[in-house]
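Next up is one chain by itself, shown in structure tokens, the form predicted alone.
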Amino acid sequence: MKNFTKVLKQHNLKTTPQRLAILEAVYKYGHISIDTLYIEIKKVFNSISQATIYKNINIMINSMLLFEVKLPNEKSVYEIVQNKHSHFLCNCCGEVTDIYIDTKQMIDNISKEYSFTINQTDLVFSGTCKKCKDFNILKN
């Protein structure tokens, strides 16, 4: 378990019980939607509103503590900022997995060919994860 009080202070954010609970839930799930986060936080703070969760999520995104992963045709999920990586979304079970690929050559090629300056890449690959693929093989 991480020391989220220290992490909040490192990002110049006030430590509140709600923020600690949000970070603990995001850490536990790895990638979490607002809906699931709301259900988890309600277990501890039964009077918390979704607006409070959204407000705190946005503050932590702006402080570069959390990152919003925008998934195609799905609701966004949130994760704690870590080393640069991409994501894989399973179209069957909806699980989001971190994948670490070297995008430097791709970025260099795009920048050169189109004269773009690329500041950020948010790649999400989608398909079927091994668990779902194996399950479907067994099912057939």
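Worth saying up front: this structure is predicted, and the values here are computed from it rather than measured. Note that residue numbering begins at 1 and tracks the sequence as displayed.
Although not depicted, the form predicted together with the DNA is the subject of the following passage.
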With the partner omitted here, the residue among 103, 52, 86, 63 that in the model of the complex has a heavy atom within 4.5 Å of the DNA is 52
If we test each of 10, 121, 128, 15 for a heavy atom within 4.5 Å of the DNA in the model of the complex, the one that passes is 15
- the DNA contact at residue 45 in the model of the complex, heavy atom, 4.5 Å: yes
* To do: Evaluate residue 112 for contact with the DNA in the model of the complex, applying a 4.5 angstroms cut-off between non-hydrogen atoms, and reply yes or no.
  => no
ask   = Would residue 36 count as a contact of the DNA in the model of the complex, using a 4.5 angstroms cut-off between non-hydrogen atoms?
value = no
In the model of the complex, residue 28 touching the DNA (heavy atom, 4.5 Å): no
